[in-house]
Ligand SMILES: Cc1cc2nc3c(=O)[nH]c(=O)nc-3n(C[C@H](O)[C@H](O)[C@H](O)COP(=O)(O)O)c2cc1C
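Only one chain is shown below, in structure tokens, and it's the form predicted alone.
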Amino acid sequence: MSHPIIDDLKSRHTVKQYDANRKVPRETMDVILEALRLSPSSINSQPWKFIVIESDEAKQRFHDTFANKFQFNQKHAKTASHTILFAYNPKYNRSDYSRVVDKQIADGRAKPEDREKLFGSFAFSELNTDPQGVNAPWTKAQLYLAMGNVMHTIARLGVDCTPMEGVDKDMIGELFAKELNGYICEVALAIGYSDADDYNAALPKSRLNKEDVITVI
């Protein structure tokens, strides 16, 4: 099949080695971050924070989070142009959702007089919340919608990336406590350009056959 979207998905790969001398241009990062902001989420909840690691100081901090485990991803902390920490709110509540409701009103998506009606959608959040107010499995799931969205954007822009679940949430929580402010990071996305020695860039794409994973009825 020939189509620009398919070409994007065929060309993208998980980077194993970055070119530390190549930085993603500011204007390209602006597009990536705006695409990230525009990502979908259940009931438009947006129960997330995205911490963008760009400075040498922040890269060193991220590098230090690999002290105990997942050292195979540690090299990306300094060689990638940027890394985004994807963090979720483990106790998303009505007050959090009110920010979404008020922004919808401010953007002209809803009328001020309909404000209370807009909270009807919050019932879905309540369905995913336990008696202790924890809805982390639901809010964490929203991160993967955002990650999938931004990974395609990155591919379209000719930039490379590495999704990483191999990160230490406890160390990240400690060393980035100020930025996270109670949110939890268990997944990150390194962004940059493949090094010439990145073996994965040259390997052919491999996926199960269409008939093995897709059923049209």
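Numbers follow the displayed sequence, beginning with 1. Nothing here was measured: the structure is a model prediction, and the numbers come from that model.
The protein also exists as the form predicted together with the ligand; that form is not presented, and the subsequent description refers to it.
Enquirer: Is Ile184 close enough to touch the ligand in the model of the complex, meaning at least one heavy atom pair within 4.5 Å?
Expert: Outside the cut-off, so no.
Enquirer: Would you check, heavy atoms only and a 4.5 Å threshold, whether Asn73 touches the ligand in the model of the complex?
Expert: Flag for Asn73 set to yes.
Enquirer: Would Lys23 count as touching the ligand in the model of the complex under a 4.5 Å heavy atom rule?
Expert: No - in the model of the complex, heavy atoms of Lys23 and the ligand never come within 4.5 Å of each other.
Enquirer: Does the 4.5 Å heavy atom contact test between Gly173 and the ligand in the model of the complex come out positive?
Expert: Because no heavy atom of Gly173 falls inside 4.5 Å of the ligand in the model of the complex, the answer is no.
Enquirer: At 4.5 Å between heavy atoms, only one of the stretches 176-184, 159-167, 54-62, 29-37 reaches the ligand in the model of the complex; which one is it?
Expert: Going by heavy atoms within 4.5 Å, the stretch is 159-167.
Enquirer: Going by the ligand in the model of the complex, which residues of 200-217 come within 4.5 Å of it through any heavy atom?
Expert: Asn200, Lys205, Arg207, in sequence order.
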